[in-house]
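Quick heads-up: it's one chain on its own, the form predicted on its own, in structure tokens.
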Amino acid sequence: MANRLTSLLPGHMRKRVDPILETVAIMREVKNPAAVASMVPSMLRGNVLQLGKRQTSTEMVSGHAAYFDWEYKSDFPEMRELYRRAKQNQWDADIALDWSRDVDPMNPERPLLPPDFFGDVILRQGTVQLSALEERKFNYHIASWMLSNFLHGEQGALYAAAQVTESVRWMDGKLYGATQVMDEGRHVEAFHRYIDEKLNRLYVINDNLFTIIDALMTDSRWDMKFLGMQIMVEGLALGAFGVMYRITGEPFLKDMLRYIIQDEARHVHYGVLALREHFSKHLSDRERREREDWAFEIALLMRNRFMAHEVYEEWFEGILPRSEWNNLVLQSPGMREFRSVMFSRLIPNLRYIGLLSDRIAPHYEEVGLVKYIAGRNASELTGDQMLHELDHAKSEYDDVNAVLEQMASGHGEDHSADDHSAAAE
């Protein structure tokens, strides 16, 4: 009904109304009242006011306690080992990467994303019909959008790492946290330089990513900030980096992601160590339940809400209804693989830190995410192991492409109507 009503509005009014309706839909998805209450101010700033699009910079007020330790004793051996490894594996983006290499984002022999990432069968049917050249340009813009939001997320991780380094109670954690601040600064440098020099295409931050970063940066509780950024955002980003590393045909980007994935594997490892200790020893049952509920709701929002509307507005606004674009994103082979791999990283980490109790597990099962529960958590998977697996992995969306080909040839059933409920798959 809402889609039919907005379709009657003039284009400039529909552009303002659609994000508001989607924000209302997000709030309706969130079942936990406390989670809704904590996210509403950030949703208004991100999704309704769209501050990430209207300003060149944003001030986020963050009140948190800094914890000083005057004994300087080693108090967390596993973090001390991570600190040692982090020092040994520091790298300089100026030296490690050959920036003189040419990158042509439209080169079909070295594509940023595979030609079938968005489903060339879908793009050649119905309202959206792109030529082969337009498909290459479209994939280039999708890749630029993804990398731009990787960059924006890394800036959020940089600031969150600095804040948590102040607040965490272990001296070994503070020492390791300092290395992560350096890592995140290097990631911001590398991603921005690649986007600026090689792609020449920087997209503004996605409204939903802005909302999540705003909510985390303005939360005064260090463990909520750490849970959101280190486990949810960084953990999902690690999965996303891994997918792009495996599927990209662009050698420079692959080399850069190889370095970044090794850093990110340590970051998430640090997160699960710190939060497992904190959640098991320093929280009441009520506080732990609150974090369980919050993590579940954020997982749902992150699963369904990164719809690349910035690309839609540039390519198809006024041609394709926003709701139809959302369905296109949900059923695209590449985006389905992104969701699958990201949650295969996230769910085992939530289990390891104690946020997948018998109370909350049925909720994950209901939305199709519990199938990832038996996977290895970040303490069991190094960056080198992850890269080895990525180098030998079969594409998750090969099977999806076979279904799409059947749809195009008139064989098999159209499952697009069920895709929203199966988005986690």
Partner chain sequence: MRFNSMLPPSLRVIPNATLRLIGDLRDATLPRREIARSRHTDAELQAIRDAAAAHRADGRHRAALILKVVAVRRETRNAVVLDFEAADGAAVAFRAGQFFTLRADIDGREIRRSYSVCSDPASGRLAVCVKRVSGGLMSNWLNDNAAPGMLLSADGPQGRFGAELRADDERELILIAGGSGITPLLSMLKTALGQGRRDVHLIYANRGVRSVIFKGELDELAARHSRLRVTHVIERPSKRWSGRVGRLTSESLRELLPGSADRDMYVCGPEGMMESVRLHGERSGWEPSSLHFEHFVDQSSTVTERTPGVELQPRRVVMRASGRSFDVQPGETLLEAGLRAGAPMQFSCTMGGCASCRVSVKSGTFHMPEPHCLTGEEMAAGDCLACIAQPLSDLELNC
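Positions refer to the first chain, counted from 1. In this text the structure is predicted, and so the values were computed from the model without any measurement.
The next section is about a form of this same protein that is not shown, the form predicted together with the partner chain.
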Want to guess which of 221-229, 67-75, 234-242, 199-207 is within 4.5 Å of the partner chain in the predicted bound form, heavy atoms only? 199-207
Here the chain is shown alone; which of E189, D94, E134, E166 has a heavy atom within 4.5 Å of the partner chain in the predicted bound form? D94
Exactly one of L49, V367, I360, V40 has a non-hydrogen atom within 4.5 Å of the partner chain in the predicted bound form; which residue is it? L49
Find out whether any non-hydrogen atom of D102 is located within 4.5 angstroms of the partner chain in the predicted bound form, and reply yes or no. yes
With a cut-off of 4.5 Å between heavy atoms, is P108 one of the residues that contacts the partner chain in the predicted bound form? no
Is P251 near the partner chain? Define near as a heavy atom within 4.5 Å, in the predicted bound form. yes
Heavy atom to heavy atom, is D98 within 4.5 Å of the partner chain in the predicted bound form? yes
